[in-house]
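Coming up is one lone chain in structure tokens, specifically the form predicted on its own.
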């Protein structure tokens, strides 16, 4: 059936405050496309995304009874939803709008070749016009959603998410791989800036969890499988037993630890101590009962002599399925483990990592000792395994400097005779954390700096380790530090044994952490609808930043499933069942498992799960009988776009007014430009009406950051609204005034 071609298309071309118009002649683009089939109105604007420009577009659509629109501006990643909303407010179907990216794909990419950039911009806009002529009015897909969320990871991020979601009426399943909650925070001791102990924070959050009936906590739980789609996920979980079946008080627990003959390195204390086969991470760990490590236990029966009523060594793992509407990943991080020999690690006996040192400090009483030797001089070597010129860990973890300095403050407050030496590549205690650095310098800590081309060297001499470096702060003078203990300040890396990403198909970034859709616009969402990420599984974060991302993910999940209904994009794959004869290639290729095999009219064909399909189009080219089409990007639409793009561009230099019913906006119309200005631009002009002012003076007058004022002031200068006076005020700032 022939499509109803759009005949009254509005085309809106953005100058983007010079980001586009500095390299693309937008007027030439407007003239070149005004006679394209179906085009009724062409208009250029300084900032198409501004409120005033949006209102003007809406009024133009209504006044001219347009049936579709094209916006040529920046990336659709930034403003696709903005202009869909404009279309809806103007009475158009939001899918009768097509976006042309003439900034990232044109002006920025070809800023050194302006003529060719203009030519390409015309082609991109023509292709968008050709596509929108074939556009159909689509409706979003509505599916039911279960107001139930699964939170994977019960560190402070997961605990906080569970509390907030539960308080908003959502049923929450909190899934933790370890047998105890709290994650890394429980290992850290005192936290900056509150000086609250990490265990105290975990205890406070866990008690709030226990007060809420709509939170179920699963410990010793591993994700095994995922089926279904957003709103109706089926999460397979394997729960390993604790083998402690009843309440176990502190006295009984102590007896069990005492009689158990099997022991191993204690992971919670980073191998500094040993633990038994029956263990707790620490005395007040939650849940309260100990757990039996069956990989270590030899079933000797000694524990049964203490209390056989509370112990069942024959318990087996349980497999359950959780039906949830959304999933939040808060799986955290691992501390970087230095390689053997890296700055003496595991080859010099008094070299440890910062996580080990924090546990050592937390456990120490009376005197500070390591390997039976008293510690007085401590050297901290920063950026071990981070900011590497070679290797995978090129990132800065952003918390390590503060953590090391806070540890130095804590050790000094506990043992006043200790001396701290900080051997660093530049201290990064940003924001309020700078006070930590100031306090450290005031207590007499010594800071020495090295560069990546000249790393410190370590040599063990007697009980001391001698660190030699060229100190950048004293013009590369060679320095030696004699230390009783060397602390390697290590950062965050992704979890080593992470099977969750593969099971849930969550994308991994180049840094190996979980990857969001867009850092600024969709910072906690993944490409899998209904799966969100937060905290240090996404990138290195301190607790404050972790909580901020956690609250964002929680809000997103709640808004998605709380109403019981979810609206999804209608741009998905469709199957022509007359052509399809199930071969399975589409199913093999699909990253989202959106295809299933069904029987229709006596033959097996492919069927698309509308709730899962992302409309990526990867399946279409591998279908040998061409039975797959993508709504919004059909073969016909793609072909007309290609034809429009490759057609030669003919610029109309002697352009006169079109027919009365058609309009081309003029960027030299001062009043129209003023109307299109964002609010800050208008405020700047108002501020300059009385007298000439500098950037700081304007910023103070209109209550906007000086950087924003400068940005918009330069655009106003470019378009002839303001000019320099040629004078400089007492503070040596240039003065600006209105251009008459």
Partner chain sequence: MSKLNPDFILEFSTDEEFNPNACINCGTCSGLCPIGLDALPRKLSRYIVLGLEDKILEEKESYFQCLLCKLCVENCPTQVNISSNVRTARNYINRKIYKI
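Just so we're clear, the structure is a prediction, and the values are computed from it rather than from any experiment. Positions refer to the first chain, counted from 1.
Beyond the structure shown, there is the form predicted in complex with its partner chain, which is absent from this document and is the topic of what follows.
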Subject >> Sole residue of 361, 446, 545, 618 within 4.5 Å of its partner chain in the predicted complex, by heavy atom >> reply: 446
Original post:
Considering its partner chain in the predicted complex, which of 240, 224, 111, 441 comes within 4.5 Å of it through any heavy atom?
Top reply: 441
Subject >> is_contact(residue 390, its partner chain) in the predicted complex, heavy atom dist at most 4.5 Å >> reply: no
**OP:** May I ask you to state whether residue 650 is within 4.5 Å of its partner chain in the predicted complex, using heavy atom distances?
**Re:** no
Original post:
Is there a heavy atom of residue 421 lying 4.5 Å or less from a heavy atom of its partner chain in the predicted complex?
Top reply: yes
**OP:** Check whether residue 473 has any heavy atom within 4.5 Å of a heavy atom of its partner chain in the predicted complex, and answer yes or no.
**Re:** yes
**OP:** Given that the partner is absent here, state which listed stretch (463 to 471, 312 to 320, 529 to 537, 155 to 163) has heavy atoms within 4.5 Å of its partner chain in the predicted complex.
**Re:** 463 to 471
Subject >> Within 475 to 501, the residues that have a heavy atom no more than 4.5 Å from its partner chain in the predicted complex >> reply: 475, 477, 478, 479, 480, 481
